[in-house]
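Shown next as structure tokens: one chain only, the form predicted on its own.
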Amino acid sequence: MRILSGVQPSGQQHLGNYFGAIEQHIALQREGEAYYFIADYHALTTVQDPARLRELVGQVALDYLALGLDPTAATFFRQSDVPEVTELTWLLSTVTGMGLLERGHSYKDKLAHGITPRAGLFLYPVLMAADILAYRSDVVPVGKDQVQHIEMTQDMAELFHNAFGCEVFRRPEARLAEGAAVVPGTDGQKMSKSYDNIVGIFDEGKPLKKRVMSIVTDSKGVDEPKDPEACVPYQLYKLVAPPEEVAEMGRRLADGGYGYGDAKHALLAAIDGRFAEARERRRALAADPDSVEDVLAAGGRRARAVAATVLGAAREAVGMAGHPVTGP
């Protein structure tokens, strides 16, 4: 089973990223042949500062490696190190109808939020399909909001096969992460950088304390009984603390005599405990950037060898002579 997922280099990784996706990615690297890429081609639709893009890509690489991605178990690489996906994007675009792309939820949502409708944004699902099909992926772990993109990828593969009378691509299937948490932010909404309500995985000291202590709560006093499930600090505590400690906090909140400030201090300590080792690993990796670059470069070579084979078959199917030049 070949597993594929892309990671947007969009800035600081937070608890929502970890419990919504990263934790599952780390677990899946032992279940099959995992390919994880940093989606820097995709990022160009929003990030057009070269130095900033390089910084964001480097942050994602450090974060994933520090949190447990094993480059001997998974192929970890930059999307742009496999230029075959851009040629495959063009081949797919020649059989993909405008109507299919216009129905994309993500595209319509971005337009509704006032984002300029550039061609790259419109064609985003075709590049995503090329990412998936280039590695003959079997499984793509996604959230519910991304299932449509996998269905669009299936449609594009079928359109290509029907147009050229071939069977080049493997049909990918979406895998919804079982038990993946919807993580509340400091304001009680879903944790998102867009809302500036995040708690960063690698925050420490005063910045972390400021975030945790800013979590919204109701106005109940220390002595009043409280509903744990309506308490954001408790909801986050459930993700980072041992079950017996979670149960204890729940009892104390329900009984009264335990304030929201107490819960926040316990949450702060639990976050520190949960990610202390990852923070140390990240500091060590940041001090040795050449080793991180070696991981990405090696992953890119392995991924490119697979993509070149698939692209070669696609080129042959459409009537193009020979195979693409893949470089050294």
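Sequential numbering from 1, following the sequence displayed. A quick note: this is a predicted structure, and the numbers were derived from the prediction, not measured.
As for the form predicted in complex with tryptophan, it is not shown, yet the points below apply to it.
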item	value
Location of tryptophan contact in the model of the complex, chosen stretch of 83 to 91, 141 to 149, 221 to 229, 163 to 171 [non-hydrogen atom, 4.5 Å]	141 to 149
All of Leu4, Gln8 and Phe37 within 4.5 Å of tryptophan in the model of the complex, heavy atom check	yes
In the model of the complex, the one of Tyr124, Phe77, Tyr258, Tyr237 near tryptophan [non-hydrogen atom within 4.5 angstroms]	Tyr124
Sole residue of Ala241, Val199, Ile132, Ile215 within 4.5 Å of tryptophan in the model of the complex, by heavy atom	Ile132
Non-hydrogen atom contact Lys264 with tryptophan in the model of the complex at 4.5 angstroms	no
Contact of Ala157 with tryptophan in the model of the complex (heavy atom, 4.5 Å)	no
Partner contact for Met249 in the model of the complex: tryptophan, 4.5 angstroms, heavy atom	no
